[in-house]
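Take a look at this single chain, the form predicted on its own, given in structure tokens.
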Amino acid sequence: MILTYTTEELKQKIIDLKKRLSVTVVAHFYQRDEVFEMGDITGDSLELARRTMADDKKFVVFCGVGFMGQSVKILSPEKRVLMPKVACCAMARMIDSLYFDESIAYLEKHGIKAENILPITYINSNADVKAKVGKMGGMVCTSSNAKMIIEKALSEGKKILFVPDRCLGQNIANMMGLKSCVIGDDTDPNEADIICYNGFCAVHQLFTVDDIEFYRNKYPGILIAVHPECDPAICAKADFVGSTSQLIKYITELPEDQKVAVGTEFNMVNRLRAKNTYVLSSTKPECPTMNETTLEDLYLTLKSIEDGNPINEIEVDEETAYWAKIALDRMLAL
């Protein structure tokens, strides 16, 4: 369907539909500005799932990427979860249940028994991986609570398999003074405390040490704030490393005249402060999948609810949802 409405007309139609329907629009920080503005609940992936659990509306229209919609459905199975665009996070696609099994087999080949492995999956993974982790006694983490989750896991005296983001796993290991390795990097996994799967966020790989040096030379006294999905070499040279929510808090509380260069997704950085905030990259670090969702998509999804034929509904099979919820609940319990 080709729509001919202006942006402002679409926004008004979306507002009108929200008033008429039992629906909550949820939007991740990385969404386009015009979509983000339509969100009733906004935040990072964990905050969105948690706040949506407490919401009493029948329908959730989730503007984000696929694994986020799955998490909401798993934690709130009674809700009908729709996505204007079922965009797929590139990092989440780097691992599936087969690759997870192969990673376990790799560790067993190196003499580490499955019963001595405790898997932790970053929330940026699909439901099938979360379910595998749940079955093995593991749990989910986010960038904001990864350190706490790993500390809890280490207390069980097992080897930690961290999937799928190698950078987050390595950065947390460095922060805690632990040894890490990446599967396939020729390091003996027996010598590592945290064994990382070789996945990554393509957007956060755009930031380089040269970018940091450029900004420090151009603006003496500038602060560098980055997300832990960045390469460990970047995080080691930053003044602050934190999750999306932590970055927002850190940056918005800085004095207005304090310059800061930020290493994370462009849309979020662009909304932070009107002055003295820079993107730590020579290219525009936009997440292509987060930017797939448009106002038109949001309008058509809401209209489909009104018309009685909801589109792009998220479903997770019963067994996968059961084990994935166990992995998520273990995190939420902490």
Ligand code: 13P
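Just so you know, these numbers come straight off a predicted model, no measurement behind them. Just count from 1 along the sequence shown to find any residue number.
There is also a form predicted together with ligand 13P; it is not shown, and the following applies to it.
Segments offered: 206-214, 76-84, 118-126, 187-195. Contacting ligand 13P in the model of the complex at heavy atom distances within 4.5 Å is 118-126. For a residue to qualify, one of its non-hydrogen atoms must sit within 4.5 Å of ligand 13P in the model of the complex; none of V23, D297 and N312 qualifies. When contacts are judged by a 4.5 Å heavy atom cut-off, S143 counts as touching ligand 13P in the model of the complex. Heavy atoms of T244 reach within 4.5 Å of ligand 13P in the model of the complex, making it an interface residue.
In the model of the complex, ligand 13P sits within 4.5 Å of a heavy atom of S45.
The closest heavy atom approach of H227 to ligand 13P in the model of the complex falls within 4.5 Å. For the candidate set M68, L280, L302, A27, a heavy atom within 4.5 Å of ligand 13P in the model of the complex is found for exactly one residue, namely M68.
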